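In structure tokens, the next block holds one chain alone, the form predicted on its own.
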């Protein structure tokens, strides 16, 4: 019974982590820098839904659609207004990393300025008794979260494998210079990667807003977990980041079977350091370069 409950909890939180990691990995693979401000895109998504649905009284389905669109455009604006000008100046990846960290902190404070530091909740779904599956309890919302995540992952992988834009993204991720030679525009690919990656962040923000309370700094922790999941699976591969995130969810939840719940974040950091030190390409990543 405990095993089943922990497994279900792992799949639920793993779905959230995987949404974060998939968008983050897509942006990293096509741009080759760490977009840590991806975490604030998730927070923006959650608070946009709160603003549209709770404050402006827009119907929930329309509020969700608008949230995804606006979050996607927010991520694109970060790229066009901050990252691209820096890239034109031949800025190093370290400077872009620092810029992304600055954006994360800046917008967390802006959100706190407008919405306050208090915890917010949507209050859209009433608390209900969960369903019992093999002795474990799961709510209908949690089932919806997993189903939405899985459908998005299937759609994303189909897009990457079967569409021209998806193949262009894979080509740029593999070798930007060679992709340019064969006529692929890396700047166009970068724009679409930020749009799609930020849209996934918007979906993650919506699901988190429904399942949990919201706070301005929530994006930082989620970004760390998404980054860890991406490292475990292989940060340059979108397909690898998804199972890597589920593995992180399993490790966290089964880890606190024996350890106090306060050690959940420590488990994530330990896994992150282990993979960075001993297997930086991740479980499903490809080692590039010439072996000596």
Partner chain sequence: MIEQYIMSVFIYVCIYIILTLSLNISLGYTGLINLGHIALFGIGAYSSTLLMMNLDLPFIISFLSAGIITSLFGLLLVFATKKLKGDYFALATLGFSFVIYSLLLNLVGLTRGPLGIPGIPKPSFFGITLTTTFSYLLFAIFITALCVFIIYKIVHSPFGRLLQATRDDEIGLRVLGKNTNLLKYKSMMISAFFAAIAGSLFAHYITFIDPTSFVLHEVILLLTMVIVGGIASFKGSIIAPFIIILIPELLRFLSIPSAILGPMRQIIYAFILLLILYYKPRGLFGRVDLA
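Residue numbers count along the first chain shown, from 1. All of these numbers come straight from a predicted model, not from anything done at the bench.
Only in words, not in the display: the form predicted in complex with the partner chain, which the text now covers.
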Problem - 4.5 Å heavy atom contact, residue 28 to the partner chain in the model of the complex - result: yes
Problem - residue 155: touches the partner chain in the model of the complex, heavy atom cutoff 4.5 angstroms - result: no
Handout entry: residue 140: touches the partner chain in the model of the complex, heavy atom cutoff 4.5 angstroms
Key = no
Practice task
Verify the contact flag for residue 262: yes if a non-hydrogen atom of it lies within 4.5 Å of a non-hydrogen atom of the partner chain in the model of the complex, no if not.
Solution key: yes
Handout entry: Options 147-155, 90-98, 131-139, 168-176; stretch whose heavy atom lies within 4.5 Å of the partner chain in the model of the complex
Key = 90-98
Exercise for the section: Kindly confirm or deny that 112, 235 and 266 each have some heavy atom within 4.5 angstroms of the partner chain in the model of the complex. Expected result: yes
Handout entry: the partner chain: the contacting residue among 248, 37, 231, 242 in the model of the complex [heavy atom, 4.5 Å]
Key = 231
Fill in the blank from the handout: If we test each of 224, 51, 69, 58 for a heavy atom within 4.5 Å of the partner chain in the model of the complex, the one that passes is 224
Handout entry: in the model of the complex, residues of 266-284 near the partner chain [heavy atom within 4.5 Å]
Key = 266, 269, 270, 272, 273, 276, 277, 280
